[in-house]
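Given next, in structure tokens, is a single chain: the form predicted on its own.
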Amino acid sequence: MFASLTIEELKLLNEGRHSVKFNEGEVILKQGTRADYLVSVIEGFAKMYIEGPHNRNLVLDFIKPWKLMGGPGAQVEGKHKYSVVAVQETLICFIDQGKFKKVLAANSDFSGQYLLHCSGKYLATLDRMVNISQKQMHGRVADALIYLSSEIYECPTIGKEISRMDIAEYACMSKDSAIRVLKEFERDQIINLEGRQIELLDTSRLHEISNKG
């Protein structure tokens, strides 16, 4: 997306850019705080979630390099509509919102790329809401495992950084329910639970469970 920028525009963004390293468990963005910066993960791994009532959260996404975070809340209300926490030691790039908006206004190609980026995230969120509302627990857990394996880790093993609670909050269910479904998957030799790691043994069956809902 940034490839369409001129040298001058890149210099402008760099004037309002800085990087910060966060340790595991540290909050990078807090829901409800002022959104003065766009945020991108440079190194490491983070979790984006909405803080709901009664300490119940909904995990929106797991963030790896180089996803850009800001969202409609930053543009419309000037506040973050979600929280982001470091899952492991994570290096974050902060880009000044004011300078970013100046570049958007000056470069139509860049604006178009940013619009595509936001539209893609919006469509992915719609798909997730449909799956959460219409699928049973087994289908939702299958979706979570497929997404983590294919999109985040890009291998059959989901690392120990992802807790059972993370999977439960991504699949919109209680932790006990998520653990019960995972144990059923292990009993059926679809996955292997080794400590906190999860190894996918039969992705075709996971896709079948996901499709059936």
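From a predicted model like this one, the values you see are computed outputs, not experimental measurements. Sequential numbering from 1, following the sequence displayed.
The discussion below concerns the form predicted in complex with the DNA, not included here.
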The chain here is shown without the DNA. Which stretch in 151 to 159, 61 to 69, 38 to 46, 167 to 175 comes within 4.5 angstroms of it in the predicted complex, by heavy atom distance?
167 to 175
May I ask whether L200, S204 and K212 all come within 4.5 angstroms of the DNA in the predicted complex, judged by heavy atoms?
no
R180, heavy atom within 4.5 angstroms of the DNA in the predicted complex
yes
Does the DNA come within 4.5 Å of any heavy atom of H18 in the predicted complex?
no
Using 4.5 Å between non-hydrogen atoms, is Q97 touching the DNA in the predicted complex?
no
Looking at the partner-bound form in the predicted complex, is R196 within 4.5 Å of the DNA by any heavy atom?
yes
Though the DNA is not shown, can you say which of L104, A124, C118, M137 has a heavy atom within 4.5 Å of it in the predicted complex?
M137
